[in-house]
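Only one chain is shown below, in structure tokens, and it's the form predicted alone.
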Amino acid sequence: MTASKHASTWTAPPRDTLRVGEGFSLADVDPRSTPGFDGDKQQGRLELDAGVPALSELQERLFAASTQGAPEAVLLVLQAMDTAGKGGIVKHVVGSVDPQGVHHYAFKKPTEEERSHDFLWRVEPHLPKPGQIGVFDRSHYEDVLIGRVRQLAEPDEIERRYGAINDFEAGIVASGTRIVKVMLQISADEQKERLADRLARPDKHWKYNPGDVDERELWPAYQDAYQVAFERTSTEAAPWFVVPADRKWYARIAVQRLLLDALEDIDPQWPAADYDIAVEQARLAAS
């Protein structure tokens, strides 16, 4: 049992309440809701703090086990409309563990070289190695989201990509990596407020992108693209979880809990010493 087994205000696990299953409709998700959590912002902060020791220990055990050949890793995929809080998840959830065991990569617009290959070519080099928690800030899903909305590829090619993603992810899981795919669902009104805040604060101007307003005009098309992506790629091996994100504190504790569940399922063990402990104790005492 890990330190995560503390008293909390979760009434149902996020892995159940937030999982995309048959009949899921993104339009039915209330971005301000807090599914499975019967608490307020203050209780959410306490929950986040309480989860840190367990997450840190499990991450260290995962890394330690890999030094003796254990193949397991975790990949957290974060997708969302702009301002939904991906950076906050990275900082406040993943940032609470030893950075030596984390591989974070933010996918940007493909380079000319990347466009000359299949869309998954640029993803594989950034997959987490055994013992690591990998984080994709945006991911290969951009190629079926913006690719679909902006018509950057033919419809037949977009359809092919869904199948290619499923095969790719199945291979990743078979190699020992748990995939936690999270879409942070923010409302258009909340996004507007967050963008306005960026414009009002000089220390936030660097985070503002004029293109965000252009993307807002395509909001319904993006919602449709996400819905199709969920229907095509939420699999048993790598399901999607849709996290309401208007309340940043809730999104953070939900993702933290999803990571804890993935690591607890792996249950990494401290590796046994490959030397004689008694002999080394005697040698140390005599030194």
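Remember, predicted model here, so these are calculated numbers, not experimental data. Throughout, we count residues from 1 along the sequence that is shown.
One more form of this protein exists, namely the form predicted in complex with another copy of the chain; it is left out here, but the text below deals with it.
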| property | result |
| --- | --- |
| Among the candidates L152, L120, A170, A196, the residue which, in the predicted complex, approaches another copy of the chain to within 4.5 Å (heavy atoms) | A196 |
| Contact residue in the predicted complex, chosen from H104, R138, R178, R148 - any heavy atom within 4.5 Å of another copy of the chain | H104 |
| Interface stretch in the predicted complex with another copy of the chain - options 110 to 118, 85 to 93, 139 to 147, 155 to 163, non-hydrogen atom within 4.5 Å | 85 to 93 |
| Another copy of the chain contact at W270 in the predicted complex, heavy atom, 4.5 Å | yes |
| E60, heavy atom within 4.5 angstroms of another copy of the chain in the predicted complex | yes |
| Close approach of S56 to another copy of the chain in the predicted complex, 4.5 Å, heavy atom | yes |
| is_contact(D98, another copy of the chain) in the predicted complex, heavy atom dist at most 4.5 Å | yes |
| Contact set, 202 to 235 vs another copy of the chain in the predicted complex - heavy atom within 4.5 angstroms | P202, D203, H205, W206, K207, Y208, P210, V213, D214, R216, E217 |
